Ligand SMILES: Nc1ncnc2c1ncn2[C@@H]1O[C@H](COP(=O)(O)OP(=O)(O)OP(=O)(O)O)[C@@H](O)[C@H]1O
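Let's start with one chain on its own, the form predicted alone, as structure tokens.
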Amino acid sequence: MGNGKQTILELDRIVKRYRTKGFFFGAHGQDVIALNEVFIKILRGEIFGLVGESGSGKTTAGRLIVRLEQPDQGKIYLDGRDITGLKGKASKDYSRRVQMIFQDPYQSLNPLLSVFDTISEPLIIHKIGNAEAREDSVWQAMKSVGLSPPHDFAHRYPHQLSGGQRQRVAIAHAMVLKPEFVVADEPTSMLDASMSAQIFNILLEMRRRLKVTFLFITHSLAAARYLCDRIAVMYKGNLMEIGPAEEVLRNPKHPYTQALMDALPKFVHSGGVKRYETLLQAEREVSGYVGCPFFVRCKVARAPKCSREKPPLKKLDDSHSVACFYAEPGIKTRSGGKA
């Protein structure tokens, strides 16, 4: 990357499949590929965004990183060490170093535990400090997420908190262990814009103060632009584009990324004319194609190449890579813009 930062976490050709259920007695389900040979390197200290629609595989990647599930193929490395088969003490140590902030705090928080008990629970599980030291850590964690004065919130339960307060508790629960890497899975999707901005600023402050690295999972390009250093755009389990957040969103190269940008109101000109127009009105009817995963929706695609070959993720420059045969400088899309 040319910035001197070291890789902290690496997904190396990760594949994850799920088997769907058959609809009739005796019927066999089909494999759905949630992640298709995903390769990502995340640098220490950065906020790296995974962006895409629902079903793109973003959350699956996060769940694999925190070891809630295991990949079917490929390896995950933390500081160069393969973590996919960790057991015992090594597994527990990894869970201390890598934490997750879930999308729905009401579902992720135990309704029977008070705020204080919720935040102190990880310290007890990992046997960190004595009772006095744990109490100090909980007060500090609560203050750091804006639950202040902490004594006003310590003995409340999740149902007694607002959505924003519950998410702050969830963040404190994840950060009280002072992890090195945190997966934040759509942490503001259930909050309004004002509260979302406050949560973003808490994450930015955590990164600055604790030097923690974040994987930020989101469907919001605006959130990714505000928060992330680099982003990867995903579609149906495949990496479409990866690069610095500002560059990718100012000058998207993949037709799918361009379609996402067209979906933002500010990129629509008067009269409803879109900037890129890379999305077909109706999907192509094809069967058994093995080419680009975006082929059936892509106006830029050209048969037979795009229908028969899957484009590799190739570098356009030192920091920006795209999985598209036609994402080269100087090559025009059918809509007349840059691919």
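The shown structure was predicted, so the numbers you read here are calculated from the model rather than taken from an experiment. Heads up: residue numbers just count along the shown sequence, starting at 1.
This next part talks about the form predicted together with the named molecule, which is not shown.
Distance criterion of 4.5 Å from any heavy atom to the named molecule in the model of the complex singles out Gln103 from the list Thr84, Ser220, Gln103, Ser114.
Contact with the named molecule in the model of the complex, judged by any heavy atom within 4.5 Å, is made by just one of Leu64, Ala34, Ile47, Val38: Ala34. Interface membership of Gln70, defined by any non-hydrogen atom within 4.5 Å of the named molecule in the model of the complex, is ruled out. When the named molecule is considered in the model of the complex, Glu277 lies well away from it, no heavy atom lying within 4.5 Å. Contact annotation for 153 to 181: no residue has a non-hydrogen atom within 4.5 angstroms of the named molecule in the model of the complex.
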